[in-house]
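We begin with a single chain expressed as structure tokens, specifically the form predicted on its own.
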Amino acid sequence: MNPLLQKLQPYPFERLRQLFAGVTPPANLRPISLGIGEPKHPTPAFIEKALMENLAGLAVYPATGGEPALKQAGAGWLARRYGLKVDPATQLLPVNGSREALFAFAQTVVDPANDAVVVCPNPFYQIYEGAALLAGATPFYAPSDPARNFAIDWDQVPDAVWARTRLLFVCSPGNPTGAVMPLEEWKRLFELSDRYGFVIASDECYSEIYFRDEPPLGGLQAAAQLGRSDFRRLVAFTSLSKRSNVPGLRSGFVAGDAAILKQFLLYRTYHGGAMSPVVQAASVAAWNDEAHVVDNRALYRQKFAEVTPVLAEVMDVALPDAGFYLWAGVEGSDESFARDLLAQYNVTVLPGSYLAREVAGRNPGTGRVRMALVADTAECLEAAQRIARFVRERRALR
């Protein structure tokens, strides 16, 4: 067996199952889960229709590089959304969802020789860590600043670490905090990449769920604004899962540095990363339509507008910049909070400490919980009201 598998940490949801072992929630309250970031809004009918109309694609092997129509649809979306011009033949590659691609990308980019390092934010999406470990690299957890909505303090990464870094994972809008990286932060990362030669993987799967008038800045967009139109050492990852409410479609694309994507395509050819022609057809329809994305964003805006004030009365929580999570501060242990909430009110939330690693005696997720507002407004509002009662009752007992 691959000995690197022994280095993998239990996934957050496995830890959550262990935490909840032996808990019997009240039977008179229906279960409500805010624990997993799985979109629950209905899949648009036109995407389902595109799937059904293209079932003949099941009879052929797909090309790993993707059909021209899909690559053009992705390039067209980048032009409309970010004002970018990319070559769909060389600067864009379809992938089976951003999670699969983020993991495979590390296996392509990282040379484990010379004690390679992969830098990721802390808290973070655990795929970054697992991808680094199975690529034979050492993860380095860049510290976050709670005073800046857990934005990463890149200046706290030592020069000696940057010198060994082969890959940097960034996530904007962030999971779990919803923080969006501004242009100056991107400029700083590009300067570091130029100095030390590492590749930047920009995870942008939450880019289309936002609450301000200005849409979140993308990594490729930032590069273009700073005169880096070749996107050197930068690849952005996007997905239809959240944007179009199709998590089961497993469809997205990566775009950026053509030289890197050429090598990524080579890896994927051997890895078996081709997307089904049926999924490609549905994806073309999804990328070419924006009306359903606007409607979806409006649903999230209404939901967060109703839910956030209820929780803000009793918790340290505020409307995020983007994404569909609330990153809430709790009194005492985040694990105890989650366990007791399930036991008393049949609501599931994820302890924040499960989404981070302890560094220098501090876990930046400790004392917080992540709440995924993915169900409909009524269910999320009911969950928020239960949580508010739970917090008030808990305080009264102290």
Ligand SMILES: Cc1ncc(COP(=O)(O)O)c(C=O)c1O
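Each residue number is its position in the shown sequence, starting from 1. None of the values given here were measured: they were computed from a predicted structure.
As for the form predicted together with the named molecule, it is not shown, yet the points below apply to it.
**Q** Could you tell me if all three of Ile47, Trp77 and His292 have a heavy atom no more than 4.5 Å from the named molecule in the predicted bound form?
**A** Not one of the three qualifies.
**Q** May I ask you to choose, among Tyr125, Trp327, Phe169, Trp287, the residue with a heavy atom within 4.5 Å of the named molecule in the predicted bound form?
**A** Of Tyr125, Trp327, Phe169, Trp287, the residue with a heavy atom within 4.5 Å of the named molecule in the predicted bound form is Tyr125.
**Q** To verify the annotation, which of these, Thr165, Ser241, Ser276, Gln72, has a non-hydrogen atom within 4.5 Å of the named molecule in the predicted bound form?
**A** Flagged contact: Ser241.
**Q** Can you tell me which of 97-105, 210-218, 112-120, 145-153 lies within 4.5 Å of the named molecule in the predicted bound form, counting heavy atoms only?
**A** Heavy atoms within 4.5 Å of the named molecule in the predicted bound form occur in 97-105.
**Q** Using a 4.5 angstroms cut-off on non-hydrogen atoms, would Tyr206 count as touching the named molecule in the predicted bound form?
**A** Result yes; Tyr206 sits at the interface with the named molecule in the predicted bound form.
**Q** Would Gly37 count as touching the named molecule in the predicted bound form under a 4.5 Å heavy atom rule?
**A** Flag for Gly37 set to yes.
**Q** Using 4.5 Å between non-hydrogen atoms, is Gln280 touching the named molecule in the predicted bound form?
**A** No, Gln280 is distant from the partner.
**Q** Since only the chain is shown here, I'm wondering whether Asn175 would be in contact with the named molecule in the predicted bound form (any heavy atom pair within 4.5 Å).
**A** Yes - in the predicted bound form, heavy atoms of Asn175 and the named molecule come within 4.5 Å of each other.
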